[in-house]
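As a starting point, one isolated chain is supplied in structure tokens, in the form predicted on its own.
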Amino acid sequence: MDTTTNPTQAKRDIPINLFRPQAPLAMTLVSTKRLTPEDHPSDVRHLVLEYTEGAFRYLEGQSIGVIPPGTSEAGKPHQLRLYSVASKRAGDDGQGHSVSFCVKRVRYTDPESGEERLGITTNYLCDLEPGAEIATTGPVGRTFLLPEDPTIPLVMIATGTGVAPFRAFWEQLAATPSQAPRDVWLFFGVPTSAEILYHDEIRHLVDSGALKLSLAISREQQTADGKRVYVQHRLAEHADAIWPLVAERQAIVYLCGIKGMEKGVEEAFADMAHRHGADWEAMLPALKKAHRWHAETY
């Protein structure tokens, strides 16, 4: 198996840190849409930010930074938070002066006090109304990018809001159709059906044949032995189709979502390798070196 190619970075103009925390770019929130039902405890929103035409640019797979206003309890400015871009480089409307991302409102219980705490940046963003100005930085990210070769298969593995960069991918692919065949497969893990973000868009792509989809709905589906279903179980189910994409057709594998997903996904691929007589411990580092295995987890 040849793992020496670098399909995502070949002589590419990648914008990096056009704006920094010391001199951020003010973008305007033009719309905010809740992606989960109003009565669902998980509050996830799709935000569209607009900037002056020509002031900013980015590629699918990059992230932008958001600096919330105000200061911490220690009196220091809040730190910026990074969000994966969820729109094609020309923006949702194709006009070239907007960027989108999705945000999940964070609430948690303080382990010491037992009090409910709110994530600073996520709650700031989820509570904003259209017309608000947002201090932004970036973009950042050089590797989690689409390949320029339109024949390379894509294996996208996401949990929760980790689907955001893959929305940017499928938006860009739809905007730049190619005569060449491409396999694009999304493995998407969520707790409940109500948390399948961008559900209508995904269903349209599946119905049109532009995307293969394997859902793992952990609180609603079970394995044969009665355990919760996660993305690694779906990978194992489709091992006979996935392995040739990676081992023979130079597919690029992308992981985005909670950090705990990595172990299970790697174990699923290790099992595939073992059954095909391949050395996964040697293969995984080679895939990473060749920029064919990308993980952005948190």
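Every value quoted in this text rests on a predicted model; they were computed, and no experiment measured them. Residue numbers run from 1 along the displayed sequence.
This protein has a second form, the form predicted together with a small molecule, left out of what is shown; the following refers to that one.
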Candidate stretches 131 to 139, 224 to 232, 168 to 176, 90 to 98, one within 4.5 Å of the small molecule in the predicted complex by heavy atom: 224 to 232
Proximity to the small molecule in the predicted complex, single hit among 41, 69, 54, 260 (heavy atom within 4.5 Å): 260
Option touching the small molecule, based on a heavy atom within 4.5 Å in the predicted complex, out of 212, 219, 182, 203: 219
How about residue 186 - does it come within 4.5 Å of the small molecule in the predicted complex, if we only consider non-hydrogen atoms? no
Tell me, yes or no, whether residue 190 is in contact with the small molecule in the predicted complex, where a contact means a heavy atom of each within 4.5 Å. yes
Heavy atom to heavy atom, is residue 147 within 4.5 Å of the small molecule in the predicted complex? no
Please run the contact check for residue 160 against the small molecule in the predicted complex: heavy atoms, 4.5 angstroms, yes or no? yes
